[in-house]
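Here we start with a single chain on its own, the form predicted on its own, put down as structure tokens.
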Amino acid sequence: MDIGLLSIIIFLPLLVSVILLILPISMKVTRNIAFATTIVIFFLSLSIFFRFQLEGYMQFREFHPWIKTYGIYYSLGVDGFSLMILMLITTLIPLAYLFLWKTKKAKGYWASMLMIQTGVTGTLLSLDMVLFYFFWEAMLLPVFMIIGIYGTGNRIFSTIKITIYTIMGSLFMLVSILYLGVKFYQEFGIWSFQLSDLVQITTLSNTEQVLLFFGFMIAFAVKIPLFPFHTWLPQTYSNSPTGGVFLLSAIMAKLGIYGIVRFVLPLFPKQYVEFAPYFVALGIFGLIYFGIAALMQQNIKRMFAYSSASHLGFITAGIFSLNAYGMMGAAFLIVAHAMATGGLFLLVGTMEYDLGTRTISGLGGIAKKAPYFTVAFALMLLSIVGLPGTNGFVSELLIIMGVFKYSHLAGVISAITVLVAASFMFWLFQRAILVKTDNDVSGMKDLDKKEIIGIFALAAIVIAMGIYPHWFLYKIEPTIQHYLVDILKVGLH
């Protein structure tokens, strides 16, 4: 089998993680090699970015038989939408390593981080539905290890809860995939689970399409998470170690959104349009509901967990707005939100490491003790609230325009609701960072050199995307146009 660039990006972290676990080497050597691997992966993905042609279709294709008898292939590819998320993953992870450098975890922690990278990139680049499902499930195992072994608090309960939620959600998707494979066989006489083949099925009744549509949507709604599939979220985020919550919030949650655009939209364009009003409403409801829930939290991790869910509801409203503004904004917000939320979780992790608390009422006056920390925290918060000059502003503006174009009422509500996010973020910054209280924060240390490099590199990207978004958007524009013109028109007529 010829090994292509996409395969190397997917499997190199897994190969290195297995070798690291086998070799009798120290935790520090393991961490250093794991970090070097993520740097290699970053440069490989960068080469794809610069060689990527401005077309709306898949590039860097890899296609090999896997279980040929049943039409299951090792099929990979990347288009503008997946390229943007690939760059997000391969950029964020090495920067996170710099921030996690002083984490004193065992070899398994760093090996699990590499395994998760293999899972998420494999999920992102798969074009065969069975292969996608394989990576979708495979990435959960190292996540469970990170939470269950290296987490805090009631980590076992959190691990079991997220396991049950994700497996139950994924079962609906598995049944839907198998059903589509059987229908393709009945119609064409051969087996196939290729997305490009399954979209050609014409014998599905409307009832079958609706059931299959929701079969996929339940799996992706759990991953995002959408209301009411979110109850695993607060405990899991609270009890996960910093690296785990970073990967969950910044990267893995975005794969739920990706799955909707990649698979649900082309497979069921009519149902996508038919149920779009409900999902726009659900997204805006989530924006409000999770925003209010965040405002009521004392635990900062739980606050950011609800804040993250709130923004993901906003992204959901964008991708179901059925126009270029909403979809471009949603794609941009996937990246913007991942950077800002991921950065904030890393900063909270360092604060918890130094002070042993993440409760707002137990903090205060950190700004004087840690000025670099404070500046970085403020920059990430400003991106979250969508301040002009940050990537959050561009993405939120595009989504609001898209939702407004879809429904004036929904657009007005979503615009007003964004203020909720701003209110609780500024309230948090004032209480925990700026205002001096009687709480002892003398143990708080400012960011070290590695952390400064990691977080301010992230901040530089946040500002660059905010000032000149075109440089980041032009790669994805042909793909979005392809979705709107070639796929979504089927549902609109």
Partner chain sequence: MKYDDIIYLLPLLSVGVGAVVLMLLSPIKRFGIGKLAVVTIFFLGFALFFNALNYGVLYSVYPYKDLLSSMLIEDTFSGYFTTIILAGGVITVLVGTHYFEKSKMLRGELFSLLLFSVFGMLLLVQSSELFTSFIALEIASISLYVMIGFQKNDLKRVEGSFRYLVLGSLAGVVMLLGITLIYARTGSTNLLAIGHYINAHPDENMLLVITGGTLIMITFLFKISAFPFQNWSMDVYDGAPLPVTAFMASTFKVAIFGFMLRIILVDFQQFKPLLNHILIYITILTLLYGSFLAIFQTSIKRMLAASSIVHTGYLLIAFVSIGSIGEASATSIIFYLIAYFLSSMGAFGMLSYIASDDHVRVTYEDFRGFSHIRPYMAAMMGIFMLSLAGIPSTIGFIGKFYIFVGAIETGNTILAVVGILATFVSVYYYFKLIALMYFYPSSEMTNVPPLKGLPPLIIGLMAIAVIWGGIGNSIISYFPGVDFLIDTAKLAFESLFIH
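The structure displayed is predicted, hence computed values, not measured ones. Residue numbers count along the first chain shown, from 1.
Not on display, but discussed next: the form predicted in complex with the partner chain.
Asks: Of these, Trp191, Phe275, Phe285, Phe393, which has a heavy atom no more than 4.5 Å from the partner chain in the predicted bound form?
Replies: By the 4.5 Å heavy-atom cutoff, the listed residue in contact is Trp191.
Asks: Using a 4.5 Å cut on heavy atoms, which of Leu409, Ile416, Met296, Val175 is close to the partner chain in the predicted bound form?
Replies: For this set of options, the contacting one is Val175.
Asks: If the criterion is a non-hydrogen atom within 4.5 angstroms, does every one of Tyr70, Met145 and Ile160 touch the partner chain in the predicted bound form?
Replies: Yes.
Asks: So if I measure heavy atom distances to the partner chain in the predicted bound form, which of the stretches 177 to 185, 301 to 309, 277 to 285, 343 to 351 falls within 4.5 Å?
Replies: Answer to the contact question: 177 to 185.
Asks: Can you tell me whether Val199 touches the partner chain? I mean in the predicted bound form, with a 4.5 angstroms heavy atom cut-off.
Replies: Val199 lies outside the contact set for the partner chain.
Asks: Taking heavy atoms and a 4.5 Å cut-off, does Pro65 contact the partner chain in the predicted bound form?
Replies: Result yes; Pro65 sits at the interface with the partner chain in the predicted bound form.
Asks: For Ile22, is any heavy atom within 4.5 Å of the partner chain in the predicted bound form, or not?
Replies: Looking in the predicted bound form, residue contacts with the partner chain include Ile22, since a heavy atom lies within 4.5 Å.
Asks: Test of understanding: in the predicted bound form, would Phe134 fall inside 4.5 Å of the partner chain by heavy atoms?
Replies: Answer yes; at least one heavy atom of Phe134 falls within 4.5 Å of the partner chain in the predicted bound form.
Asks: Within 4.5 Å of the partner chain in the predicted bound form, counting any non-hydrogen atom, which residues from 146 to 168 show up?
Replies: The stretch 146 to 168, when checked against the partner chain in the predicted bound form, contributes Gly148, Ile149, Arg155, Ile156, Thr159, Ile160, Thr163, Ile164, Ile167, Met168 at the 4.5 Å heavy-atom cut-off.
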